[in-house]
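Shown below, as structure tokens, is a lone chain in the form predicted alone; questions about how it binds or moves come after it.
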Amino acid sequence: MESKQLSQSVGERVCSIDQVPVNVRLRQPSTRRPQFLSLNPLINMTLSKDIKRKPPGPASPLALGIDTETLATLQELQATHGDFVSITLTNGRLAYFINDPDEVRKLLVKQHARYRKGPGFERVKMLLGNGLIVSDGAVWRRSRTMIQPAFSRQNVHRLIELMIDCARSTAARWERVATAGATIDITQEMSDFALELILRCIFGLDFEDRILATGENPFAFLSRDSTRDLRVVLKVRESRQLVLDVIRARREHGNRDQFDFLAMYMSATDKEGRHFSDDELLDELVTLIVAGYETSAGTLNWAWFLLAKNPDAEVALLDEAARVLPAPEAIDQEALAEMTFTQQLLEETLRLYPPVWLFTRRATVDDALSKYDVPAGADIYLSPYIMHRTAEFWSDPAQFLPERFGTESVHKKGDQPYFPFSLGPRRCLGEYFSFLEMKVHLGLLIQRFHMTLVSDQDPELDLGINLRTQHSIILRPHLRERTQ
């Protein structure tokens, strides 16, 4: 609810509030790929501790970033050395790449307290402050505990009507396009849809009254400018004042008996009974805005692409939607829970295209994973993208097969080699919200439109913090005949 881009730390919430990604790029002074260098020179010292049980790995130092070259490097390392690899980085640091599902689960769940967020989080504070994506330790635990109730199923269900309204608005726009025989940039459409929805869920009535007071959405740059260079930092800082004005008006006049994330965040208290300060609220709300739409936008973008390429999946989705959601007024939490194929389709989309394709952690104490020693200070690299496409764990891993996540799956629900939203205490808070939002969107729109690809061009991967499409996906919408 973890190159040209900011480091891993930007990306964790995308969905997630606590793991969801933002796609922010920094212009580099040269073409040389950036290294994950800490601002603390002591941290950059070579780890000199003698490691008795060290995994295999290359002899020469390597550079790792968040880019296409890094994905190729990690895939080659995994193919050559296996699922547990030691790497000496070009800055002298020791790093491990882990692709073993049991060890990844152990690190993120059972032994999570021995690790903190990995390299690159310093720069993210320029953008998001010290919200859930960036914070660690006691600050993170306090914020997570305070925010978690806002994402309970009961509270998220109260936002379903907003999800329906945003889907209806999208449908009306697409109908005009279909009637005109025109095309849709589905990549842009999904960014706009998800951004408007999260803003409405955060600000409620204040979205129309205050956020759109000038007639334009001051946050539109987040979905309109995919380059995300340093200018985005300045724009986010400018928008903080607007959010602060809304917070102060709420403090003065109350929440107007409305239900939204802002109201829930403002009423949240820690175990000492303290509320968020204005600065803390700002950090968490900006984090929710920036991160809260990225995962859903990216997943829906890939989902429409896959549906256009897989007619059998489209038919199955249409049949389920028509049966479970015959009309918008039929949509509620029980109906959405019955959309089992839609859930499988979304999970398979996330398997192929996890929003954050690379996570990092850093060991805070000496530890052991598998049969290897992990010394304090070692950096850990984990890639959902690579694990989700490893043939040892998934048959025909490059194929789009939603039934993988059905009742006949070879994997048990809680024991899959699968972590698109991370695992453990830092698993995405907004995961359930995101799935509900995407089910409403697909369930309503698939009944109105059949989508076809305009071009056979591969959208390719944009391997930043978020796994985005390099090129916009262009679809042609065709109106379905109404059956009611």
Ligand code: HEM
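Predicted, not measured: the structure shown is a model, and the values here were computed from it. Note that residue numbering follows the sequence shown and begins at 1.
A second form of this protein, the form predicted in complex with the ligand, is not displayed here; the remarks below concern that form.
Residue S296 is the only one of S383, S296, T342, T187 with a heavy atom lying within 4.5 Å of the ligand in the predicted complex. Proximity to the ligand in the predicted complex, defined as a heavy atom within 4.5 Å, holds among F393, W140, F276, F207 only for W140. Candidate site formed by L132, P355 and E437: every one of these residues places a non-hydrogen atom within 4.5 angstroms of the ligand in the predicted complex. Taking the partner from the other structure, the ligand in the predicted complex has no heavy atom within 4.5 Å of any heavy atom of H441. Within 4.5 Å of any heavy atom of the ligand in the predicted complex lies no heavy atom of L64. Contact check for R361: a non-hydrogen atom falls within 4.5 Å of the ligand in the predicted complex. Although the partner is absent here, R158 sits far enough away that none of its heavy atoms falls within 4.5 Å of the ligand in the predicted complex. The chain is drawn here without the ligand; in the predicted complex, the stretch among 51 to 59, 64 to 72, 445 to 453, 423 to 431 whose residues come within 4.5 Å of it by any heavy atom is 423 to 431.
Taking a 4.5 Å heavy atom cutoff to the ligand in the predicted complex, the contacting residues in 134 to 160 are W140, R144, F151.
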